[in-house]
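The chain that follows stands alone, in the form predicted alone, written as structure tokens.
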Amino acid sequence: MSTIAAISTGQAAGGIGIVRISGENALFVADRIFKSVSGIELNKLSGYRATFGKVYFDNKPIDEAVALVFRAPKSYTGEDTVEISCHGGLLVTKQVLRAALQNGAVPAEPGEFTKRAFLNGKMDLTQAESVMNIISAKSEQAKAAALNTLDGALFKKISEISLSLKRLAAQMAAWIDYPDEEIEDLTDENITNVLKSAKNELNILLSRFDAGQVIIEGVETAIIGRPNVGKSTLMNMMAGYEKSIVTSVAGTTRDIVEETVTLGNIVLRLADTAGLHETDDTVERIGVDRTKLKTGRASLILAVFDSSKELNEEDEEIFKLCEGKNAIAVINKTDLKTKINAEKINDLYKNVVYISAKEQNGMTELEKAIEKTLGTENFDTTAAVLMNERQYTCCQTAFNSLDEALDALNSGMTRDAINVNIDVAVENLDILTGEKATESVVNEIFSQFCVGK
């Protein structure tokens, strides 16, 4: 493999900038651009050693820096690696990278350092994918779940399931080849127990996926309601500052205002929408149409109602938009005299919250209602969790194959036919962990990484 280099810190000014060089010739490339004050060459250093010196480009000093040496295989990539820590200006780090590239290194592709770690057996595919989840985590629970996967929780669980199926498949293959021999424990009852146990474990993973995605990815959330019910005030209360313009004039919000907020341990991608009502105003009508479109795409709806007003036809329209969706009724303006028919709203919505956005009251209750609606209230970040759609698809296909194996067994089909379904399940579990992932799948996964990781 070629020796690669990239800037591994963010593309912004900071205290330090790190240029990572990895590959068979990493130490020699680094020696061409870095000179230690002690005069010791980096290729003479043992692993986990650092030295202070200067980085040179075209025989001119660029900056003072610290070079940290990692020897194969005890490095992140499993290859010889040098990390040069210089001052964190954009110009400086780019010059250090350019120096490395002109002295034998080639630019790293997105995620190539982590890809090499996977290819060199430093981590499985689920652990590699969790790296980006840690980087992109926006809540404590999201970070904890990703870190748990990086520690190998999902790999361990999938490997346990796969191993039990591989043992069963091996016993059945032996029986098929030598039908006159007695194969220990290979009864229909035992086969059924192994298949059902594996199915149950996979089902637990599948059932936790949606809640896990809410924790990891966040959720698209639309705040809807008729004009002047307090949608923008609610948006500002959740955001913690005045994101949306608030006035007493109905129709102040004519377009969608968006903000990402963390409520408890859930990331909400909020959309404060235009009030739903009939209008002849061209601009307002466009805003209403966009509200309906946004509501249809949202995974969570916060339907806001005015406690001080009676329900009307516009509220009835909101009821219809919420049908079949994860929706919470937010009865606002509880600081005013109550006129709303709360009984009807309680009949239509499983979760109803009473708040006064103006007085900043009801946030705790709203947070609990959101967790309950999205199924994250008791989410265990220490348990194995499927991190993305690729993993979910592999798991679902394996589950379906085991279902077919049980149906084949119960219908009296031959054991070699049953074994075909078991093999399909095992193959998909091995694809999930990366043991049998194709090159195209691996390339696609790492193409989504940032450069330098």
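Residue numbers here begin at 1 and follow the sequence given. Since the structure is predicted, the reported quantities are computational estimates derived from the model, not experimental observations.
The same protein also has a form predicted in complex with a small molecule, omitted here; what follows describes it.
Asks: So in the predicted bound form, does any heavy atom of residue 226 sit within 4.5 Å of the small molecule?
Replies: Contact with the small molecule, yes.
Asks: Would residue 230 show up as a contact with the small molecule in the predicted bound form if we use heavy atoms at 4.5 Å?
Replies: Yes, residue 230 is a contact residue.
Asks: Does the 4.5 Å heavy atom contact test between residue 357 and the small molecule in the predicted bound form come out positive?
Replies: It does: once the small molecule is placed as it appears in the predicted bound form, residue 357 has a heavy atom within 4.5 Å of it.
Asks: Should residue 377 be counted as a contact of the small molecule in the predicted bound form, where contact means heavy atoms within 4.5 Å?
Replies: Flag for residue 377 set to no.
Asks: If you check 81, 332, 126, 93 against the small molecule in the predicted bound form, which one has a heavy atom within 4.5 Å?
Replies: Looking at the other structure, the residue within range turns out to be 332.
Asks: Can you pick out, from 336, 363, 72, 383, the residue that has a heavy atom within 4.5 Å of the small molecule in the predicted bound form?
Replies: Only one option qualifies, and that one is 336.
Asks: Out of the stretches listed (316-324, 142-150, 112-120, 231-239), which one is close to the small molecule in the predicted bound form, meaning heavy atoms within 4.5 Å?
Replies: Flagged stretch: 231-239.
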